[in-house]
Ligand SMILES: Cc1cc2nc3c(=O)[nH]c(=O)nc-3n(C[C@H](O)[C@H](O)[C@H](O)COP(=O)(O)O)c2cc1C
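One chain is shown next in structure tokens, namely the form predicted alone.
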């Protein structure tokens, strides 16, 4: 009785499968009502102890957007150096669309999180897991609306927090590029660019105890 109809179910699975981490955007702005719907979808995400630890900062100042891009580009250089043999390959990748997207959001963990104990006494990182759920909600809603989204994590959290005047204890966890796109990638961009491939599900599902990877496949960065 609680099951959705077949068409709705198919649409849910389709948007999950077709979600992409986008890097190429058109500059057209999002309609305010659409942006509000996407943020509401994020706000409906599950959270540990119902603490709702997410905070969204909409970046509307063009000079501030450029400064965020500069921080990201600095970390891009550091990441490339840390990748060793894959440095040049990494530098050829387009890793963000900060200057191109119609909307830019920074998602941060709230301050004073230590006051929330429910579900976090032994696993304080559940606040971050909750924010990730909110971001995924936004991502799926955006895809359903035909809007691209890219999650950028290449930045120094302390530097970005200072730039945005975050209170003590709050920390940024994501820079989100949102906007209209010329087309969605037919497959994940990093797979399309031969950086990595999706692992088979059966290699990641265990029963009763942890089972080691029999193939001994290294992670994509293991050769760095």
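Positions refer to the first chain, counted from 1. Note that the structure is predicted; figures quoted are calculated from it, not measured.
One more form of this protein, predicted together with the ligand, exists but is not displayed; see below.
Asks: Among 134, 95, 108, 147, which has at least one heavy atom within 4.5 Å of the ligand in the predicted complex?
Replies: Only one option qualifies, and that one is 95.
Asks: If the cut-off is 4.5 angstroms on heavy atoms, which of these, 190, 59, 35, 159, is the one near the ligand in the predicted complex?
Replies: It is 190.
Asks: Evaluate residue 152 for contact with the ligand in the predicted complex, applying a 4.5 angstroms cut-off between non-hydrogen atoms, and reply yes or no.
Replies: Within the cut-off, so yes.
Asks: With the cut-off set at 4.5 Å between non-hydrogen atoms, does residue 198 touch the ligand in the predicted complex?
Replies: Because a heavy atom of residue 198 falls inside 4.5 Å of the ligand in the predicted complex, the answer is yes.
Asks: With heavy atoms only and a cut-off of 4.5 Å, decide whether residue 19 touches the ligand in the predicted complex.
Replies: Contact with the ligand, yes.
Asks: Should residue 23 be counted as a contact of the ligand in the predicted complex, where contact means heavy atoms within 4.5 Å?
Replies: Contact with the ligand, yes.
Asks: Pick from 51 to 59, 162 to 170, 190 to 198, 27 to 35: which stretch has a heavy atom within 4.5 Å of the ligand in the predicted complex?
Replies: Contact criterion met by 190 to 198 only.
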